[in-house]
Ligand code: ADP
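Consider the single chain below, provided in structure tokens and representing the form predicted alone.
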């Protein structure tokens, strides 16, 4: 916006000072006595007498065709004075040798003035548009290059990535390996008459390595790699997005065989719902052009389109039909084996001690994406430097896991002894309920050291193996474990605090899922009462039932949580002595391991 303000100021300056000076010769106003003196000295060469003003030239001024030493001025200087009542003025001028003619300066033609203003405006417009487009991340910073796709081009595996750099996605690599083979040996497929898929859609949560996989495909195939984001097709000018699509495919055909990667394709590939102006809004035009280009280019040339999205459910069905994005390749969160492989890949760039148990770190990071695992390794390296060591050890990695999960330790937090005691009993309540139930994940760590995420303490549970399914009993036990902290507060102190807010939220979410999505309710049975949207971006839910059914669902959720709460009350009442013993030890140590917790719990049982 401020570029236009600068342009307006420049135009005003030119209009006020520059144009008046070039529109007329220089005129110097003098007093009438100066005019009389010059006339008596016979120094006036030419004069023009008007009704109120007298214009005149002096003989000692440079005449037409002459130049001063300082200024290259082609016309004599014009002087003016006010006309007085002097009947003999004309005769006296004639006697002084002056001639009579036009002296008043002529104004420049309006056409010339308009031409000058047009040229100045055009130059300013170019400057402003160039700056504006560069600020918008435009098209090479050139205002005259509208419609040019500014895809980043990596020629001949300049991505520097191969399948060796991708871990934990074996199925996705296997699906993409056929594309690599086609780019290497297309004749092997054409001889049989097979057609290679024109496009492959990479679908999965954020941070799972979709962009990395696309770069690895280009690196393995050793072909040019075009990379562009879907948002770069979105323009404020109508038709510019479609023009960019045309230019992108034109460049790709010129460099075939190659790979074109469109990240976040849902930006331009959303379902056409007709809500635009007649269905012709800019985004839909861009999508229509993309569909046309994918139909029009020859797949046998070796142009492969890869795209990535976190929201496949929003894509237009025409984009997903055979002949366009033929393959849908899931890039899911890695399993236990995949997490361990990812940790090892990133650990190769870090100096680490020999005895590192990556399996333990992988177990503690269930549900983590590849990007989060890379961040964990980096955080461990940063911690090793802070601690004054040159290599990363196991403690650095475990602490970095907690940093990612709960934030950094708040070393400066001042908590009163009374609140610290409540926190200790709260966390031990969770651990005690978990340990006394079957099919619960073992307790790995209990701490009452506050973290920057807002947690005043937490209990870390780690499953012994990878679990893909949960039965009704396991979910119910998990809800009971969430209520264990609040139950410990109730039974020990006879009051409750706000510390259970996150526990209540998670317990309620699980209980609602049992009833509305998992079919684990006797009253509703196997009926889907809730739908999930944005599966890979948090999994938002919305009810798909009547208001009467929704009220019944709320009552059923409350009943499930109440039953789990009652179970936790029963467990902790039976183990109050153990609760006091472990809470006292935790208050002393602030952090205890799962082994210490179980050792105290089992020793207490043996002495009874």
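Note that this is a predicted model, so its numbers are computed, not measured. Residue numbers count along the first chain shown, from 1.
Keep in mind the form predicted in complex with adenosine-5'-diphosphate is missing from the figure; the text below concerns it.
Proximity to adenosine-5'-diphosphate in the model of the complex, defined as a heavy atom within 4.5 Å, holds among 323, 519, 206, 407 only for 206. Residue 374 is the only one of 98, 374, 455, 180 with a heavy atom lying within 4.5 Å of adenosine-5'-diphosphate in the model of the complex. With adenosine-5'-diphosphate left out of view, the stretch that reaches within 4.5 Å of it through heavy atoms in the model of the complex is, among 484-492, 526-534, 198-206, 249-257, 198-206.
Using a 4.5 angstroms limit between non-hydrogen atoms, residue 447 is distant from adenosine-5'-diphosphate in the model of the complex. Residue contact check for residue 266: none of its heavy atoms lie within 4.5 Å of adenosine-5'-diphosphate in the model of the complex. Put simply, residue 383 is far from adenosine-5'-diphosphate in the model of the complex: not one heavy atom of it is within 4.5 Å. Taking the partner from elsewhere, residue 316 is found to have every heavy atom lying beyond 4.5 Å of adenosine-5'-diphosphate in the model of the complex. Contact residues in stretch 166-190 (any heavy atom within 4.5 Å of adenosine-5'-diphosphate, taken in the model of the complex) are 166, 167, 169.
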